[in-house]
Every structure is written in C-alpha cells, then in structure tokens.
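Let's start with one chain on its own, the form predicted on its own, as structure tokens.
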C-alpha cells in the first residue's frame, strides 16, 4: 500500500472485530441488532476502542470487518486522531458507518473526517499491517499480563463478535499473528475485551514513565 494512502500509519494501537452478519448495505438506525446484523456490537466496539472520559485516544483506531449481506466483505476504519462528529453512542457511530458504506471502492476512502472504508477482507487488512505486531484474542490464549511489548511497538488485536471467528478466517489470522492472547478465561463481549487491553497497555506505559522518572 502507498504510505500516503495508509490510514493506519500514525496509529499505535489498533483493534479489529469480525462482524459475521454485520450489514454491508443500508440498515435501520433504530434496529441495529436485527436490520444491522448486530451492528450494535460493532458500534460499541468502536466506541470503546477510541473514547475515554471527556476525550478520545488519538493514537488508537478500530476496524470493523463486515461480512453480512448484501456486499461482503466491507471494512470500516475509524482513526482516533482524525475522527470528527462522532460520539460514543451506538446510533451516532452507526449513522457514520451507514454513510461510509455508500462508497463502494476497493481501496481506503475517507468518507468523513477520520472514517475510512474499503472492500477489504481481514486477510487483506492484516497483510497491510506489516509494521504492527498482530495478536488474536481467544479464551485459551496466553494471559495478556504475560505479554512483553516494547515501548515503540505498534500492536493490533483481532477478535470476533458474539459468533466468534469462523474456521477459514481463523486459519488465515493464525498465519499472521505474533501470538494468541486472552484477557479472561470467560467469553467476554468484544467491547469489554478492548477495555481490558487498553487498561493493560495504559498501565504498562505508566510503569515505564515512572521508571524513567
């Protein structure tokens, strides 16, 4: 990918969710679970990837890989340092996704500030993230607190929605990851996993800053 056209280039943390039935066309903003193919899960995931109290994580991004009808796959990327006009509520996020899905191009296109879309599969996206360390979330993975991450290391975390990740897609993911990690022995919701990962990385950064002081 051309460096100038890469919307992930200034991100340090990136979160990817596989939306197994998430709509790739029009959907009803008042019925995200049904008409949107559980688009509500994708929206909560994006919100927790980016928002903090009274602010947003400018070095973090989120990608929803949408595999529902009528035109899968479609991917939506939200860049925390560039996004505008987004609030954490599901309906607002869904409205911006619905607007982005009107674009049908193969490559990343910015449809509103900080929101990009492309007709890309998870395999294509991971292949583009050569400067990131890729981790896959699964309950039987290595405990995240045993993970060693360098101070300048860029990380991406891939996970499924309420249906998990299909065998074929999981096989593709496993070919590209640095490791399989777990944040809990229980099967948590995707947005809960994101919060726990942020917490781990925030604490890691704080401990490094304390050591430098």
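Only a predicted model underlies this, so the values are computations on that prediction, with no experimental measurement involved. Residue numbers count along the first chain shown, from 1.
Quick note: we don't show the form predicted in complex with a further copy of the same chain, though the next part is all about it.
Contact here is defined as any heavy atom lying within 4.5 Å of a further copy of the same chain in the predicted complex, and by that definition not a single one of 35, 165 and 178 is a contact residue. Residue heavy atoms within 4.5 Å of a further copy of the same chain in the predicted complex occur in exactly one stretch of 118-126, 69-77, 138-146, 105-113, and that stretch is 138-146. At a distance threshold of 4.5 angstroms between non-hydrogen atoms, residue 183 is in contact with a further copy of the same chain in the predicted complex. a further copy of the same chain is not drawn, but in the predicted complex it has a heavy atom within 4.5 Å of residue 199. A residue is said to contact a partner when one of its heavy atoms sits within 4.5 Å of a partner heavy atom; residue 91 meets this definition for a further copy of the same chain in the predicted complex. Heavy atoms of residue 48 reach within 4.5 Å of a further copy of the same chain in the predicted complex, making it an interface residue. Of all the residues from 167-198, those having a non-hydrogen atom no more than 4.5 Å from a further copy of the same chain in the predicted complex are 183, 184, 185, 186, 187, 188, 189, 191, 192, 195, 196.
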